[in-house]
Ligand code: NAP
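We begin with a single chain expressed as C-alpha cells, specifically the form predicted alone.
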Amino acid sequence: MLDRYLEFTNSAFGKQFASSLGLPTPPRLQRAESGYAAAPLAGMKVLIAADAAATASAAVLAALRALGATVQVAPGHSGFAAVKAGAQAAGVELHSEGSDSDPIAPVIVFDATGIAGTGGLKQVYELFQPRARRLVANTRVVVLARATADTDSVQAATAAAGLRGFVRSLAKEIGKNGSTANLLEVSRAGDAWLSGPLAFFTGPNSAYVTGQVLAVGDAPKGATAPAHCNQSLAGKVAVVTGAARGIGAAIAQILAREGATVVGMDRPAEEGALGATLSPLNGVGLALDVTAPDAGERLASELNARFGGADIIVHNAGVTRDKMLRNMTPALWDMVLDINLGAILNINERLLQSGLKPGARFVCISSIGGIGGNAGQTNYAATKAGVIGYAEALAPILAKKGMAINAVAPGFIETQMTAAMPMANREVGRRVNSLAQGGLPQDIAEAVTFFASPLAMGINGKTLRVCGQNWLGA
C-alpha cells in the first residue's frame, strides 16, 4: 500500500511543512533493485577503523577486499595501527579518508573485537562522534564485537556488551536519513565467515534492518564459503509455504532472483494466485494446505520425485485470529497454533527423514509480536515466540547434519493485512520505528534469502528482526 505521508514529506513543500510542525519526515530507503553482484562493494568507499587491540581486522579487511571495496582509514584514530597491521596481513591497500569537507564513505565498519572497559568504548566514540552529523543518506554502519564467550576478561565482556546499547542508540539517531547501524557479535571461529554478513549489512538488501545484534559463529560441518555473491542460489531448490501472495510471493521472487528454483505451496483455494506468482519465475506450484495430515508426506514425495530433495525450506504460511484471551474460542486458538507452529513441526519432522539435500537450510517467519507481545494476540504471539525457540533448539541438532535454521521477525510491513487496519492504527504502526515508515515485503524476502544462502553460513539458530528498529519489544 502506498504510504502517502512518506510521499508528501519527501516533496519540497511537504518536507518544509512537516519540519515546521516538528512532524517526522520518513526518508526514502535505498533498496536492492537487482540481485547481488559478484563483488557488491565494487567501486564503493568503505571506512574501516578498529580499537587498538582489535583481533579481527585482517579477517574484516580480507572480506572487504573480496566484496570489492575501496578501503579508507582514519590515520589519526587510536586504532589505526591495528587496521594497518590487518591490512598488511590481508594484503589490502589502504587509502586515507578525505578532509572534513569531503563526504564520508557510505559504509563504515568498526572492528571492536579487542575493546575492554570504558577506555575501549572511548575509541568507538572517537571514531563516530565527529562524523555522526556528516553521514550521507542511507549510510551503513557495521560494528563488530567479540562474542562474550570468546572474550578473555570481565572488562572485555563488559565492553562488548556495552556495544549493544551503543549501536541500538546510534541507529535511532541516524535513522532520520535512512542510515542503519547493526552489530555483529563474532566468535573466533566466525572470523572466517564474515564476508557474507558484511555483504548483507553493508548493502541495500538490509535497508529496513537497523539496531540489530546478530551472532556469527562457525559454519555447519562440511560447509564451504561461496566464491562470490552473484547467483549464490543457482542450482538450489527452495520451498516457500504461503507463497501465493504478499510476503510469501516476495520471498519466492527474491529467491528466484538469486538463482533458486522455487516450489511454492499454498492452500488449494489460492491455486490461481499461486500460479500467477510462480509462472514468471519458472517455479512449481503445489496446492497443499500446510495443516493437512499428509502435508509433510506429499511435500517430501513431490520433492524427491522431481528434484531429489530440497535445499531450502521457508516456513512463511501464517494467520492471525485476534481476540482478547477472555473472548478467544478454542477454535481460534487451535487454528493459529496449527498453522503458524504445528505445521512447521510436522512438515520438518517428515522432511528430516527424507526430502532434503545435504546442507539444507530452514528459515521460519516469526514476528516482533512474539518478542514484545500484543494484547489480543496471545495465540499468535505464542506461535511466533515458539518459532524463535524452535530455531534455537533445533540449530545444534541440524549443525551436526551440516544444516542450519534461522528465523526472521517482521515488524509493520505494508501488506493487504495492514492496509485493512484502521487508519490511525496503521499510521502509528508505520511511524514507531527509527526509520519512521513501514517495511515492504521485499525487506522480509531479502532477509530470508540471506539466511537461505551461503552468505549466512556462519549463522545458525538466530532470529533477525526486520522492523526498522521498532520501538516496542526487546
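In case it trips you up, residue 1 is the first one in the sequence shown, and so on. These numbers were taken from a predicted model, which means no experiment stands behind them.
We do not show the form predicted together with this ligand, though everything after this point is about it.
A single residue from the set N205, S366, S195, N182 has any heavy atom within 4.5 angstroms of this ligand in the predicted complex; that residue is S366. Out of the listed residues V319, A227, A393, L345, V319 is the one that sits within 4.5 Å of this ligand in the predicted complex by at least one heavy atom. Residues with any non-hydrogen atom within 4.5 angstroms of this ligand in the predicted complex fall in just one of 166-174, 256-264, 240-248, 107-115: 240-248.
Among residues of the shown chain, I413 is one whose heavy atoms approach this ligand to within 4.5 Å in the predicted complex. The closest heavy atom approach of I339 to this ligand in the predicted complex falls within 4.5 Å. Proximity of F201 to this ligand in the predicted complex falls outside the 4.5 Å heavy atom cutoff. By the criterion of a heavy atom within 4.5 Å, K384 is counted among the residues contacting this ligand in the predicted complex.
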